[in-house]
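Quick setup: one chain, the form predicted on its own, written in structure tokens, and binding and motion questions come after.
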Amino acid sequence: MERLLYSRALRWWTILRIALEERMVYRGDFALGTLMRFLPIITQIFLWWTIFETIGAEQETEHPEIEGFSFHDMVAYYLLTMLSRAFSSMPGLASGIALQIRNGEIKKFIIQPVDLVGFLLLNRIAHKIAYYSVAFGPFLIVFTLCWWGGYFDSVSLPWTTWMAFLASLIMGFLIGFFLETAIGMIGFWFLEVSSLLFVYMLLSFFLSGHMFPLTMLPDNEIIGRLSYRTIVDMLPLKYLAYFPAAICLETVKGDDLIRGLWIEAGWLVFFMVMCRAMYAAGLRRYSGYGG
């Protein structure tokens, strides 16, 4: 039994090590692409500065606010959602799975003792390690400058809140992974998932809180007693960007924080089970021909 566990652990470690080496050594464009992602930060900050300047001129005040967010709060929120999205985004995952199914490459995971979902998860972990190894410097510079500039003056968190923030980031990464993996599994039934993936990415971009804080959504009732904010609050997308940032800015705390973490954990279990169920069902209907 111990020998079997050791052999399995060695196999998964080998997969993780090779995936990490491929990203850090063989792909010189990875570092450049990672650094280039930081350029839109300046544009976004100037955009919010223009918005707050306009509102301040209209209201004749030097410190305008939008739904309780000052300009400094908005910049801090935007930087934190960038961090959250860097954890939860899974570029190319769903489309890659669908392509493997369509091209028949999925057969290697059927005849070899390697689990597809586990293999993909290790590859994504390697991707995030490589990304943050490169992005740590730019993140440190941007956050340090904004910290000195007073953008994070409202952030003074106890260690318990930092632990909750870290837990939300990890669960956000896993939710993003299993959700997009499940979308890719649709390739067992439909050969092309790009349209479904486009719809998901569009909804995720707006409803995850990446564009603006979800508390800015109108709270007026639209369907029965449901409002826009209530509907978005029921979806799992807010845990991909908004929720970790809200924890760090302490806009969600106490009982609401604990309840939010439990709901996030519930969504994680749901997508894990759904991903496995779709994979098992897809394999039962899959037909592969040739060598």
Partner chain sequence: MTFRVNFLIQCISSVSWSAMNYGFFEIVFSYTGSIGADSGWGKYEYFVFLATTWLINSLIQTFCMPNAQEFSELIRTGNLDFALLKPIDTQFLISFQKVEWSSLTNGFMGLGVLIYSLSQLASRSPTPLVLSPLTIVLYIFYLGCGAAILYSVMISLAATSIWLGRNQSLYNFWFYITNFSRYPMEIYARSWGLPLFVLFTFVIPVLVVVNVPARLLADPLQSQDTWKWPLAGFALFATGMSLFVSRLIFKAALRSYRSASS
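Numbering follows the first chain given and starts at 1. If you superpose the two forms and keep the largest set of C-alpha atoms that fall within 1.5 Å, you have the rigid core. In this text the structure is predicted, and so the values were computed from the model without any measurement.
Form predicted in complex with the partner chain: not shown, discussed below.
Contact between N123 and the partner chain in the model of the complex is not found at the 4.5 Å heavy atom cutoff. The partner chain is not shown here, and in the model of the complex it never comes within 4.5 Å of any heavy atom of I231. Proximity of P218 to the partner chain in the model of the complex falls within the 4.5 Å heavy atom cutoff.
With a 4.5 Å cutoff on heavy atoms, F198 counts as touching the partner chain in the model of the complex. Residue-level contacts in the model of the complex: of F188, F165, F212, F152, one residue has a heavy atom within 4.5 Å of the partner chain, and it is F212. When the partner chain is considered in the model of the complex, only one residue from L249, L257, I45, I263 comes within 4.5 Å through any heavy atom, namely I45. Candidate site formed by W12, L20 and E105: none of these residues places a non-hydrogen atom within 4.5 angstroms of the partner chain in the model of the complex.
Along 44 to 77, residues Q44, I45, F46, L47, W48, W49, T50, I51, E53, T54, I55, A57, E58, I66, E67 each place a heavy atom within 4.5 Å of the partner chain in the model of the complex.
After superposition on the rigid core, the Cα of G266 moves by less than 2 Å between the shown form and the other one.
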